[in-house]
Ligand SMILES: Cc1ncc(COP(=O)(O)O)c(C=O)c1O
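Only one chain is given next, in structure tokens, and it is the form predicted alone.
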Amino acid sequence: MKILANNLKRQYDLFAQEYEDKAIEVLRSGWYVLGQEVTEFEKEFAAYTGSKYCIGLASGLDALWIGLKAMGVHENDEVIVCANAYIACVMGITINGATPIFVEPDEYDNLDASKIEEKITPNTEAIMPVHLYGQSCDMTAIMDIAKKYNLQVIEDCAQAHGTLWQNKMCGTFGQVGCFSFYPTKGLGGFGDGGAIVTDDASIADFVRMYRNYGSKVRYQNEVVGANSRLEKCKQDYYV
């Protein structure tokens, strides 16, 4: 008997008619990237997490590296992250020219808060808690350390949609919370997708501009940005 690690068709079968009806609606709309439905999704997901802002992106990796860039992380900075994190967490750091500083995980396979302080140096700029397997890191201890050393916090919530730490949603403790909507995630779509949540208006404005080639106004580019827009046809499938 063959047992699949993931059976993605199963989730499709649960609501097949709704998905197909929505796909036809999107195709007939003639608008496939960003648009009003993506905006509505961003509003709903921000409200769900308890954040002021949500910006949809092309992937969870994009959420990490663009999030760090929006926080001002750059070359020669150090970012503390758990040693067993997925490669995307490390890439989010190194794409910005920064250096990952690894901390061993605790018994729950999350960042061991008790080992963070020994890794802090004058170059430390941020801590990246990675909430693995639907479990939250000890955000009380991590935020206490961040406050003590004046460090920023960016949360990787790719496996923690809806996870709470002491009745507060993961992704809302630090300056930035990063989510992935890859099909195998707890909240998955039919394709790649990601999002950043934040309460910082300046970060939200930067990410919104940066994801669209660094442009706020069409054909006016303020920075060399990226193409990391959330596609309407994928956003509609998030369940």
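Quick caveat: nothing in here was measured; it's all calculated off a predicted structure. Position 1 is the first residue in the sequence shown; the rest follow in order.
Separately, the form predicted together with this ligand exists; it is not shown, and the next lines address it.
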Would G67, I154 and F206 all count as contacting this ligand in the predicted bound form, using a 4.5 Å heavy atom cut-off?
no
Counting only non-hydrogen atoms, the one stretch of 166-174, 56-64, 33-41, 198-206 within 4.5 angstroms of this ligand in the predicted bound form is 56-64
Scan V81, M139, M71, A88 and let me know which has any heavy atom within 4.5 Å of this ligand in the predicted bound form.
A88
Going by heavy atom distances of 4.5 angstroms or less, which of A98, A126, V103, V130 would be at the interface with this ligand in the predicted bound form?
V130
Should I93 be classed as touching this ligand in the predicted bound form when contacts are defined as heavy atoms within 4.5 Å?
no
How about I116 - does it come within 4.5 Å of this ligand in the predicted bound form, if we only consider non-hydrogen atoms?
no
Taking heavy atoms only, is Y182 within 4.5 angstroms of this ligand in the predicted bound form?
yes
Which residues from 193-215 come close to this ligand in the predicted bound form, meaning a heavy atom within 4.5 Å?
G193
